[in-house]
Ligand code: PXP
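What follows is a single chain, given as structure tokens, in the form predicted on its own.
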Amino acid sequence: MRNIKLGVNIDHIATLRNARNEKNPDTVEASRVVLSSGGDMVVMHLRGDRRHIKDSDLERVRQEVKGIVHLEMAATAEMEKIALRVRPDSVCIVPESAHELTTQGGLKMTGKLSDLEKITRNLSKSGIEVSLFVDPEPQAIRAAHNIGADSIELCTSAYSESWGKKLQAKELEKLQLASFLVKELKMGLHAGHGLDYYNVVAVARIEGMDYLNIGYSIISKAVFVGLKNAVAEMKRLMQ
């Protein structure tokens, strides 16, 4: 059995709660279910517009839940300050724009990266593991390594959105080759974005993969089978 771990993104638990501005479904309760059902890490994306996860969600989960908490955040001074105060176990820095429905590809690792490097190194020095969300491209991976990232999270959206065996195999090969470079650089290897119950197996088999971070498909399935069963089924497929 492979030892690959599952990070479960609970953003859309908060989306459902916010639809009625109620207390339920509760992100703390959801986190406990995730961790008791095979999930290894609770993932939350605190966006600048607070469209789903709120500051209080991050704070309460960190304080009240015994388990690994992973924060997705933009590279802003506001988010850096929150991360240093709340101190999640790990952080993934992701690109973020105001009008996107979901994250659109990896960070642009070209040009001046001094601000991103400063935040990365500040978080890492404080004891928070830092990953950067990048496309499976050698230049982006090397740039992330050069500015001090501890781990890489490979963006799997191109693979997840590809149609037909030939195109999917091409995108999977990019992920496989990228994983070799990540491990050559002695970095942690994560992947995620668009992974679901139908396409996850091939990515889970990539050599050296440490974590798969998955949210929307798990929460969607949970509507029909319950969160406990949805998490357990995803973890089973990954092994």
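For every residue, the number given is its place in the sequence shown, counted from 1. Here the structure is a predicted model, which is why all the values come from computation and not from measurement.
Not pictured, yet referred to below: the form predicted together with the named molecule.
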| query | finding |
| --- | --- |
| Non-hydrogen atom contact S31 with the named molecule in the model of the complex at 4.5 angstroms | no |
| Residue contact check: G39 to the named molecule in the model of the complex, 4.5 Å heavy atom | no |
| Contact label in the model of the complex: T102 to the named molecule, heavy atom within 4.5 Å | yes |
| Distance check, L189 to the named molecule in the model of the complex, heavy atom within 4.5 Å | no |
| Contacting member of I214, I53, V61, A178, with respect to the named molecule in the model of the complex [4.5 Å, heavy atom] | I214 |
| Segment that reaches the named molecule in the model of the complex - one of 168 to 176, 22 to 30, 61 to 69, 191 to 199, heavy atoms within 4.5 Å | 191 to 199 |
| Stretch 38 to 52 - residues with a heavy atom within 4.5 Å of the named molecule in the model of the complex | H45 |
